[in-house]
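In the block that follows, a single chain appears as structure tokens, in the form predicted on its own.
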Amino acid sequence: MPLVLLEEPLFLHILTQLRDERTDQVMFRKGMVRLGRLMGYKIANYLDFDYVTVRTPLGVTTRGVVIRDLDNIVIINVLRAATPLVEGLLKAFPAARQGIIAASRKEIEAPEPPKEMEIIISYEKIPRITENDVVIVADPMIATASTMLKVIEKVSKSSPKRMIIASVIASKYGVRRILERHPNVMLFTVSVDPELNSKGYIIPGLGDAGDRSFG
């Protein structure tokens, strides 16, 4: 299941608030945090686990589950738009190690939707990643996927156990580009929107997530 659509009513309720142009900065950022937390809980259900036996305070043994990957999570924050989303993810994965990649795209105006955007990475700080780690790359908007493909290229050199993308909205084109090049990556998103405009923004989308979060 390389693409996981989070279509439950609560996810869609929060997304509807984020799409609404009347939603102010504070409520937009809070909505991003909530989605990050809920998305983290969903991602946890796809991690590797073991069945164990524990003894309760009543002296009875019972079967339980231990998600062993919870101790090996690395979250990559694609600045600046992903910061509220990462804040929510950390509520689900409080022991996660964190990395930062500051990426910006060169804005263009074209006669038709662009297929590729020029991406400038101005800063990166990524912790050591091993073959036992699950890497979660957080970026709320995947338009042409130019930024995400660059980030995946950097992180995949460390050969992590698994790579997961946490996004809020992705375009059909962006999803296709990622999964064609990296079929083993899992992409979690609330909505796959149909198109891009001439500036490379997702339509209908929700605007610029960074601007709306931070003013």
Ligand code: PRP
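When you see a residue number, it is the position in the sequence shown, counting from 1. As the structure is a computational prediction, the values presented were derived from the model and not from experiment.
Not pictured, yet referred to below: the form predicted together with the named molecule.
Tell me, yes or no, whether R105 is in contact with the named molecule in the predicted complex, where a contact means a heavy atom of each within 4.5 Å. Residue-level check for R105: yes, a contact with the named molecule.
Answer for R80 alone: is it within 4.5 Å of the named molecule in the predicted complex, judged on heavy atom distances? Yes - in the predicted complex, heavy atoms of R80 and the named molecule come within 4.5 Å of each other.
Contact of T144 with the named molecule in the predicted complex (heavy atom, 4.5 Å): Yes, T144 sits close enough to the named molecule in the predicted complex that at least one of its heavy atoms falls within 4.5 Å.
Should E8 be classed as touching the named molecule in the predicted complex when contacts are defined as heavy atoms within 4.5 Å? No, E8 is distant from the partner.
Within 4.5 Å of the named molecule in the predicted complex, counting heavy atoms only, one of 84-92, 127-135, 97-105, 67-75 shows up; tell me which. Selected stretch: 97-105.
Using a 4.5 Å heavy atom cutoff, which residues in 168-198 contact the named molecule in the predicted complex? It's fine if the answer is none. Stretch hits: zero.
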